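First, one chain by itself: the form predicted alone, in structure tokens.
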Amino acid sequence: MTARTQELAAVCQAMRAESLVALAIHEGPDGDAVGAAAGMLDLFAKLGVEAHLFVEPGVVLPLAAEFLPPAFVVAGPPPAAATVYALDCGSAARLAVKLGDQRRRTVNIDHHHDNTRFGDLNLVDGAASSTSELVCEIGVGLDLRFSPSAAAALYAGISFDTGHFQHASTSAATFDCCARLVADGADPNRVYRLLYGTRSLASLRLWARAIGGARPAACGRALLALLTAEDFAATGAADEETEGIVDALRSVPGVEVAALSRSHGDGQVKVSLRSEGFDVSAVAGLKGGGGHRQAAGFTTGGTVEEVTQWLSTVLDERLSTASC
């Protein structure tokens, strides 16, 4: 039995023995985090275990209206007696809920290669396409099928984190998982339309500002875009409508690293990084962030201009010596 198989079996055993569970996901939640949470909520319901997703007040959960019933989402810290199941998060410090100083048993389920294995029990596979894929495998381990809604959420999580099956992490196991989810009721066409087929006029105007102002760096091997509070105010677009901009920048021939820096004028800058081969998680780590080798991010203080200049300098140095 491989270490990976042992970890999966241990998580399944732990889930069967639970009575009260608090799910937690990473700050700035994305489609994979929400999909994984919806899938785990469904599995715990089938096991007869009380489980909720806990987040800090004000945290935006993308596609929550589609996949996360409001009764299962709680704003605030989890109860002390609950076992915490941390999903899609590389370190405890990046969770979207404050756990406080009280010691809680933690189960860590994730696919980020830089995961710190912070759990009392860990199921971490950096080769998996997504945490949603790992949750799908947990369902197999428990011999449970997903409800149609949970299956759609997990399918959406996998689609999101693979760039709709384009990233190198997409494997035969990924498609096996998706076939199982479709059999459970996920509708690929509907999920695609939810993720990629609908865009507001405000978001198109925001995209135009970001792409129109994109700046080359590292002799054209990097392309950097930025969005200010003024850009958001002028277009009326929300922060979640920036999803996909950095991938569009990366599609330019010759560009190996793309970055989008954005701020709403609160002194914090959020940065998304994408690459083809170059380890952008190492760059994100310089500012306390993380992620995947080809998709990472961080949040830092300053202005978007300052952060974009910092990125330009770092990428000039690192791409000039990178063997990618």
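Source: prediction; values computed, not measured. In case it trips you up, residue 1 is the first one in the sequence shown, and so on.
Although it is not shown, the form predicted together with a small molecule is what the next lines describe.
Residue contact with the small molecule in the model of the complex: A296 places a heavy atom within 4.5 Å of it.
Contact annotation for R180: none of its heavy atoms lies within 4.5 Å of the small molecule in the model of the complex. Taking the partner from the other structure, the small molecule in the model of the complex has a heavy atom within 4.5 Å of a heavy atom of S272. In the model of the complex, G290 approaches the small molecule with a heavy atom inside 4.5 Å. For the options R145, R104, R209, R94, the residue carrying a heavy atom within 4.5 angstroms of the small molecule in the model of the complex is R94.
Judged by heavy atoms within 4.5 Å of the small molecule in the model of the complex, the contact stretch among the candidates 54-62, 264-272, 37-45, 251-259 is 264-272.
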